[in-house]
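Here we start with a single chain on its own, the form predicted alone, put down as structure tokens.
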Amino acid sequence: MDTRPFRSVLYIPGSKERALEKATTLAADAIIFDLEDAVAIDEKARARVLLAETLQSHDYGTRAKLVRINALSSQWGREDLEVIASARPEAILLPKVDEAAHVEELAQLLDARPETAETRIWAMMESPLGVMNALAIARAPRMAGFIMGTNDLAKDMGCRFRPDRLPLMSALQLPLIAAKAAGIVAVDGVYNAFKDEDGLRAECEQGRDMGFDGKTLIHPLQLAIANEVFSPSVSEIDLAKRQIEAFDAATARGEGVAVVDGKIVENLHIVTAKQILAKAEAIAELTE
């Protein structure tokens, strides 16, 4: 599993030169350079060339770089891949993944190109069939992560948007569990009302508590909240350190458990504590 933080994953239209430039300075952990939904049909040919040139000429630092191509079944997908391959993309985000065969097809195309030997695959989980096939998709070749496509999921399921997202909960949890089982990253879907800070915070907190690694975002204004919510808090870091210290002391005494703040601390809690500290350290490195 990629150990970099994926707290904030920002969509950037591949056709917008100014947005591509600005993205080099934004506090996003990852960027989705979008050639699919964010690009009009008559702009797709120009956008793929612009994006390939930009990726080769601009420095996006430590940000993870995902290129969302059009579906391979569309009239644009294979040409997207043909042009973008020259930029040696870090990862291709494949939309409309219904089954593992879709990922396998892309993996074979990448295998045939020496310039994409190291390119990983991420999958948009945005259909009921994709959700039901999540574990097989997560285990497919080159897979590195899931992006939840909640707008498409809601449309295909015919469910209503609610602040608690209860109608979508099973569709969110199944791919999340599959991603955890396969050891890949899982990123929550977008929050559409980009000026609604309270709503965004609540949905980020819900996704964090469920176990998602971060949140996909549609506007730079959403970055600060996502980064804050998906970062370990000062109190969480302090507790993790005290748990490790107490458990080490208990182990030295020949004991299997420790007690911190009136609660039992076992080895499984130490695994979580170390993960928290490792994430905090990785985030700190981004700001150095």
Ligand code: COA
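Numbers follow the displayed sequence, beginning with 1. Quick caveat, the model's predicted, so the values are computed rather than measured.
One more form of this protein, predicted in complex with coenzyme A (COA), exists but is not displayed; see below.
Only one of A273, I12, A280, V265 comes within 4.5 Å of coenzyme A (COA) in the model of the complex through a heavy atom, and that residue is I12. For the options R242, H219, K65, H58, the one in contact with coenzyme A (COA) in the model of the complex, meaning a heavy atom within 4.5 Å, is H219. Judged against coenzyme A (COA) in the model of the complex with a 4.5 angstroms heavy atom cut-off, the residues D2, F6 and A181 are out of contact without exception. The shortest heavy atom separation between H269 and coenzyme A (COA) in the model of the complex exceeds 4.5 Å.
Using a 4.5 angstroms limit between non-hydrogen atoms, A38 touches coenzyme A (COA) in the model of the complex. In the model of the complex, none of the heavy atoms of V257 sits within 4.5 Å of a heavy atom of coenzyme A (COA). Coenzyme A (COA) in the model of the complex comes within 4.5 Å of a heavy atom belonging to L26. Only one of 198 to 206, 211 to 219, 75 to 83, 171 to 179 lies within 4.5 Å of coenzyme A (COA) in the model of the complex by heavy atoms, and it is 211 to 219.
In the model of the complex, the residues of 172 to 207 lying within 4.5 Å of coenzyme A (COA) by at least one heavy atom are, in order, V190, F194.
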